[in-house]
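Given as structure tokens, the chain that follows is alone and in the form predicted alone.
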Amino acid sequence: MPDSVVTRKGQRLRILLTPRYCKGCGICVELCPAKVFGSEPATGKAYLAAVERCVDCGLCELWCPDYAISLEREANL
């Protein structure tokens, strides 16, 4: 699994994905414009496939029905 932290424009973004909350609906995989998420073939559960591509749009966090994805933002010091 790749590192879950991306740094862009002086801000760090951490993508937190909690697999036990994920039911494998695939909403994050389909909605993500940067294709950050993939889905496990056997279970359909999401995983972080390409964190470095994240554009911080927040769609994954907003639309996840199980609250399995959260984004934490902090300014770089």
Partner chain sequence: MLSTAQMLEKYYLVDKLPNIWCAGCGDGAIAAALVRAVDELGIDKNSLTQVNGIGCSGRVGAYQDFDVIKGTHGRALAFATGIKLFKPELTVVAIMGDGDCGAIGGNHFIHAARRNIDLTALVINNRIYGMTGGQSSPTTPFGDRASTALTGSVERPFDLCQLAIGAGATYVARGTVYHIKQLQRLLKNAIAHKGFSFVEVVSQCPIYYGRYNDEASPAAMLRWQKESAVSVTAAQGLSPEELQGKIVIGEFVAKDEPEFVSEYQALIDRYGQEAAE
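Computed from a predicted structure; not experimentally measured. Residue numbers count along the first chain shown, from 1.
Below: the form predicted in complex with its partner chain, not depicted.
Enquirer: Evaluate residue 4 for contact with its partner chain in the predicted complex, applying a 4.5 angstroms cut-off between non-hydrogen atoms, and reply yes or no.
Expert: So residue 4 does not count as contacting its partner chain.
Enquirer: Report yes if any heavy atom of residue 65 sits within 4.5 Å of a heavy atom of its partner chain in the predicted complex; otherwise report no.
Expert: Yes.
Enquirer: In the predicted complex, is there a heavy atom of its partner chain that lies within 4.5 Å of any heavy atom of residue 69, even though the partner is absent here?
Expert: Yes, residue 69 lies within 4.5 Å of its partner chain in the predicted complex.
Enquirer: Do residue 34 and its partner chain share at least one heavy atom pair within 4.5 Å in the predicted complex?
Expert: Result no; residue 34 lies far from its partner chain in the predicted complex.
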